[in-house]
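Quick heads-up: it's one chain on its own, the form predicted on its own, in structure tokens.
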């Protein structure tokens, strides 16, 4: 890695720097549903929330080994393949009458290598649409219907700047860009409907260049991004219906 890149990465990390003690308002004694929680940002969020004294309801698709290793009495783990929307209906047994206060829709997939014009894997496209976008509607619906009434206050949808149509200057990646754009559209819709009907705040977050399995060359450590996202929860009312970065800057749709 060249010196210029090292300096650039250092500056990028520095602008998002935050410590546990700097979180505006500690989120504690809450019941939080986190999807896609066995690795990356989802796992980092799970660890941080547990550290702050919350109860976590964590979902995973294929593996749960990292979650099991946490061995925490405040962690409940549930298998859910969100590529099939009917599987989300099983959430009702998972959260029935539980006071779910916060949902973080973190589960997402890239969509494979074949997602450029004239070479699109449409089976993967359908799978990604369900996981990255449609599932956030179904999860919200299921939680509001089956969890303890009046308990849900905030929903955060983990998006990407790739979901911004105005920011798109490169084309390609139809599956990931398209499904994240769709997520943002649904997030905006939910922010209106759920605010009016249930007083629930909904917003989308771009976590930036986080180092995860999907993005192994990322710059930010998942723990740092997780802490920044937790900090955003203190501003849920003001962020309702918005698409923001980790520093609360408004991003273009």
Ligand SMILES: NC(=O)c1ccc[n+]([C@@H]2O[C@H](COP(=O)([O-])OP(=O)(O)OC[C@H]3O[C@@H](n4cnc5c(N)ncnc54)[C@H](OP(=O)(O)O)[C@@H]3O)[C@@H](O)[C@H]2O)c1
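Positions refer to the first chain, counted from 1. Keep in mind that this is a model prediction, so the values were computed, not measured.
The protein also exists as the form predicted together with this ligand; that form is not presented, and the subsequent description refers to it.
For a residue to qualify, one of its non-hydrogen atoms must sit within 4.5 Å of this ligand in the predicted bound form; all three of 62, 131 and 160 qualify. Partner proximity in the predicted bound form, defined as non-hydrogen atoms within 4.5 angstroms of this ligand, places exactly one of 113-121, 166-174, 94-102, 152-160 at the interface: 152-160. This ligand is not drawn, but in the predicted bound form it has no heavy atom within 4.5 Å of residue 27. A residue is said to contact a partner when one of its heavy atoms sits within 4.5 Å of a partner heavy atom; residue 81 meets this definition for this ligand in the predicted bound form. When contacts are judged by a 4.5 Å heavy atom cut-off, residue 214 counts as touching this ligand in the predicted bound form. At the 4.5 Å threshold, heavy atoms of residue 38 reach this ligand in the predicted bound form. Residue 109 is the only one of 75, 144, 85, 109 with a heavy atom lying within 4.5 Å of this ligand in the predicted bound form. Checked against this ligand in the predicted bound form, the residues 200, 227, 210, 56 give one hit for a heavy atom within 4.5 Å, which is 210.
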